[in-house]
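Presented as structure tokens, the chain that follows is alone, the form predicted alone.
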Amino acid sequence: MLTFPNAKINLGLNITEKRPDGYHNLETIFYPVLIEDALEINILNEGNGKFRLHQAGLEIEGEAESNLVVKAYKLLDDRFNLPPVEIHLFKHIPSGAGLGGGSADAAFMLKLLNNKFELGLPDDTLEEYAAKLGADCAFFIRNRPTYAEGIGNIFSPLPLSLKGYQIWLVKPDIFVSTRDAFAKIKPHHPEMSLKEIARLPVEEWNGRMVNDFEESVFPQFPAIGEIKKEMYRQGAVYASMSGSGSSVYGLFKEDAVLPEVDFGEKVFVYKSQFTDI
């Protein structure tokens, strides 16, 4: 059984306050993007152990045991004693990009196992399992535009569509650690909620819909900020870093011709037109 986990971008990201537990409360909008991995499972009929993981495509660091698709399998296996599985994961979504690739893989693994073994778990229950794997994993269960609060784990659906707009996404060969991203963050409550801004035309988002991490990341990694500037120079109606970086995306009108710009070696580039997922 085969599925294609997709990425997400953040439309705005406001760090609103630091919590007593050391985490930060935030508000953001998750929006699906059709940059896809490929994930397949089959029943493992030979060999020892409960799973066998095969990885291809972009390199993933760490042992198989630490991969989120394996953690998702173990989570449901503990509850349902699942048959052993052979897992094939092809990575196309770059890691360290603010695109949620690992979280998507985990959530889609839960959905795949639910369908493959007819577990009958509703979306609400799958979201509860996904939340145990990571704050934004649960978003990918329903996989639709979502307003997120708390630590990025309290969701409400958002009537928002970017259908017709084009996206140009660039992920440079730069790694932004969580520590780097939070280095200069000063939590604050914005004057206008992202929910309100999202009701405005996309052409009015610039200057209103902001990603607080840019203030911290751009001075440390100027090349990321330059990508955003270049997107506006090339005609983007809105551009932003996604999550805590390092990818940057620009939204362009339907009839715009997306430019060819050389951002250097080992740069991931994605161009597409939004359709409703």
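Just so it is clear, the model here is predicted, and its values are computed rather than measured. Note that residue numbering follows the sequence shown and begins at 1.
Absent from the display: the form predicted in complex with a small molecule. The rest refers to it.
Using a 4.5 Å heavy atom cutoff, none of Tyr31, Ser240 and Lys253 lies near the small molecule in the predicted bound form. Among the residues Leu26, Ile227, Ile35, Ala236, the one placing a heavy atom within 4.5 Å of the small molecule in the predicted bound form is Leu26. Of the residues given (Pro84, Pro145, Gly134, Pro190), Gly134 alone sits with a heavy atom within 4.5 Å of the small molecule in the predicted bound form. Taking the partner from elsewhere, Thr178 is found to have a heavy atom lying within 4.5 Å of the small molecule in the predicted bound form. Not displayed here, the small molecule is approached by Gly22 to within 4.5 Å at the level of heavy atoms in the predicted bound form.
Residue contact check for Phe155: none of its heavy atoms lie within 4.5 Å of the small molecule in the predicted bound form. Although the partner is absent from this view, Phe213 contacts the small molecule in the predicted bound form, with a non-hydrogen atom inside 4.5 angstroms. Only one segment in the set 243-251, 40-48, 214-222, 227-235 has residues whose heavy atoms sit within 4.5 Å of the small molecule in the predicted bound form; it is 243-251.
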